[in-house]
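Taking the form predicted on its own, here's one chain by itself in structure tokens.
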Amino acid sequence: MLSGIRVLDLTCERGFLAGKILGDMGADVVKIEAPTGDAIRQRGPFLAGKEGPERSLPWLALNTSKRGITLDLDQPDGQDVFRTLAKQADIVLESFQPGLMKDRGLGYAALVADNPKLIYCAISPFGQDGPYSHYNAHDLVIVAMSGNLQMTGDPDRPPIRCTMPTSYYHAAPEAVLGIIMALYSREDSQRGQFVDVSMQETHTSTLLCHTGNYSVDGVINHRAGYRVGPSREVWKVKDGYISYGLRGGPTRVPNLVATVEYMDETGCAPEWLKNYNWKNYDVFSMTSEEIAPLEEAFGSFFETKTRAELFEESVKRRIMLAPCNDSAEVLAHRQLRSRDLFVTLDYPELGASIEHPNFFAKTTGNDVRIRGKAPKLGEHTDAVLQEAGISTEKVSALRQQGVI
């Protein structure tokens, strides 16, 4: 899809995924690190539990489909090299604090003066301008400032965040979308654009309708734990948990009826439930006392089954039910396996093989896929600089000076 497009990826963990997606789509993504390497290389978990800059699993997972070079952008010679690369690039992707690249003389205005077709995308916590733009922020701060944190967890306990940095993973695809639209526009205008991505702004999408609710009627929603509205959504089963809703409506009522039939076949449906009148069922108009018998009946049934049993029967019966799987179970999932979602990459220098998700979307001809392993530190420096017209002698001098 993006064959022939060159991307200079200057991102930290905030934007790794954006560069990876562009690489999976066929762009030539050049990941630029300081000569000492990206900080995430020193962060675990590490492959087989052995520390090392080439063994960081976050690095290996989020930087596939890229080539890698080292370059010190704080040195004048390093800045000159970057200007040379940017003149020949289609996209610059960065995640520094607003103003840092400008202070180096490498901001959008300076680069676009030499390359009017350049698309420059900046991912930052709160965008390039506005009252919070000068603040730095980790994922936890973004999750809180977006409103997601106060909606997640049990209502009688402190709020919680997801284990993985979801604000980074929401911002990155939005950045790619902005870049793709800018590329499309460039076909007619022959000019690039500045794409400004605020992590806080993109992460508000996790609130679904809650932001709109406040805009319309002033309602501030609060976390409800395992409940959605008045009814339970997460249920305990023999070997873990499942997600299943007692909500009504044209889609959900047939779902409830099919579940009761399944319960009846296994002898777990009480007589009153088999004769329940679902015609005018509306859980949102029911009291907690009215909902309690339903939750008791469904909950007792679910506890007699495993996640696999419930999921298999739900697929057969078209019941809307989902097991709460961990990563190992996702990796072993039959449907995902049948669609060749995973690919094994060999790392002989590390004595290991790692399974990766091979694509984020399946397209005709499998055009979206992993193009290669995450680069070793400085692995492609000489090749990329020589492609840019920088002589072998100059490359050697830059290396001696600690610029690369």
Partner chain sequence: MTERVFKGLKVLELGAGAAGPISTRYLSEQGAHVIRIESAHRPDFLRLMMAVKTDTMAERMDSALMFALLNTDKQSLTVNMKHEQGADIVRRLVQWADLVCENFSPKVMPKWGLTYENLKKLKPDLVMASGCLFGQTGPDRLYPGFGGQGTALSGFAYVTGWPGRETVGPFGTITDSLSPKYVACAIAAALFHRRRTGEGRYIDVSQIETAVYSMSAAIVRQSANNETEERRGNHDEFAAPHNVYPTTGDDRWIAIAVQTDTEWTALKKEMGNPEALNNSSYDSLEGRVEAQEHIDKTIGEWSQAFDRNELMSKLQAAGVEAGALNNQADLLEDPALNHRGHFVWLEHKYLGRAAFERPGFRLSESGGGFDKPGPLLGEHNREILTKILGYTIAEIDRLTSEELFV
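Residue numbers count along the first chain shown, from 1. Since this is a predicted model, take the numbers as computed values, not measurements.
Just so it is clear, the following notes concern the form predicted in complex with its partner chain, a form of the same protein that is not shown.
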State the residue from K117, R223, K87, R104 whose non-hydrogen atoms include one within 4.5 Å of its partner chain in the model of the complex. R223
Please pick, from A34, L350, A61, A39, the one residue with any non-hydrogen atom lying within 4.5 angstroms of its partner chain in the model of the complex. A61
Exactly one stretch in 69 to 77, 292 to 300, 159 to 167, 270 to 278 has heavy atoms within 4.5 Å of its partner chain in the model of the complex; which is it? 159 to 167
With a 4.5 Å heavy atom cut-off, would you call L17 a contact of its partner chain in the model of the complex? yes
With the cut-off set at 4.5 Å between non-hydrogen atoms, does M25 touch its partner chain in the model of the complex? yes
Could you confirm whether T304 comes within 4.5 Å of its partner chain in the model of the complex, counting heavy atoms only? no
Give a yes or no for F126: in the model of the complex, does one of its heavy atoms lie within 4.5 Å of a heavy atom belonging to its partner chain? yes
Which residues from 186 to 216 come close to its partner chain in the model of the complex, meaning a heavy atom within 4.5 Å? E187, D188, S189, G192, Q193, F194, V195, D196, V197, S198, Q200, E201, T202, T204, S205, T206, L207, L208, C209, H210, T211, G212, N213, Y214, S215, V216
